[in-house]
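Have a look below at one chain only, the form predicted on its own, in structure tokens format.
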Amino acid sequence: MLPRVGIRGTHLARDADEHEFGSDDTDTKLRLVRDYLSAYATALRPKFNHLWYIDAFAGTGSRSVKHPARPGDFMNVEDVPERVEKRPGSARIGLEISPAFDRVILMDSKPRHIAALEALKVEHPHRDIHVVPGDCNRFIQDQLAKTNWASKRAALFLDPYGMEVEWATLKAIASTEAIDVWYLFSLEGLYRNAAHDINDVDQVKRAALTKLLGTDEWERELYSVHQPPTDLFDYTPPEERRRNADVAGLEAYVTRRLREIFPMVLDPYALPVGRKPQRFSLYCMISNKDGKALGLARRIGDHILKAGK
């Protein structure tokens, strides 16, 4: 079983729409996405009558942040009890954007999350909201890739729980030439599964890495032959194949791969902010090949990413 790693985690709490996860980095991630969605909708609304927001791992639509109890002191005489603060997740953020998206598509594979998203849909009876259960890879590859995008544009948020996003899904998105993507890529998942010694990468991990990266060439490109030194008795140990890429090298490799299928991929935003090791890379990727569209997306994306730093 591959590790499921993510900024949001998966503490499931009491209420149907309560999804406990997050940190300052979650706030940063969601703020960047919110700012882009707002600028995106404002810029494209005069040009398109059909703007969609697509959230492929929508969770419950909300997130709960726990604030621990604090004992009283000479400044605060009374103890402060534990409290849980409810904040909007990416699905609610998509619904809050103004000007509003014409259609909102919310996907998740967990029945409990789908139930919460259905309740969110009921809260907004006048919005065009589609809740899609199951594997987002199948829906994106089978449905979105076959949609007529001539009069439509979309912004899509990929915030997987781990390494669930398939390369074929990214290719299907890129082929639309109509979707801007924000993708939280799990570097942690990559370097945990692409172990330093290739012998520690079993067949399950190999298959998962190939599905994630879209090629089995990752082994040749990320690993090199290492010859251990002979010992005092002139014994030469067998050759080893070890990963030659550190975390920065892995991110650079992923970025090169993404730029092979998307016309524009902005330099990724590292998370956590200012702390090592880097666990995630937040990518902004544009599928539209039109020069004006690329220029606009770069101006918006660069401004938001630089402001986020």
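Source: prediction; values computed, not measured. Numbering starts at 1 and follows the sequence shown.
Not pictured, yet referred to below: the form predicted in complex with a small molecule.
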Query - The single option of Q143, T210, S109, S175 touching the small molecule in the predicted complex, heavy atom within 4.5 Å - result: S109
Query raised in the report: Here the chain is shown alone; which of S281, T28, S38, S62 has a heavy atom within 4.5 Å of the small molecule in the predicted complex?
Result: S62
Report task. Would you point out which of 187 to 195, 94 to 102, 153 to 161, 123 to 131 contains residues with a non-hydrogen atom within 4.5 Å of the small molecule in the predicted complex? Result -> 153 to 161
**Report entry** Proximity of F57 to the small molecule in the predicted complex, heavy atoms at 4.5 Å
**Finding:** yes
Query raised in the report: Are any of the heavy atoms in D135 no more than 4.5 Å from a heavy atom of the small molecule in the predicted complex?
Result: yes
Requested in this report: Answer yes if any heavy atom of S90 is within 4.5 Å of a heavy atom of the small molecule in the predicted complex; otherwise answer no.
Outcome: yes
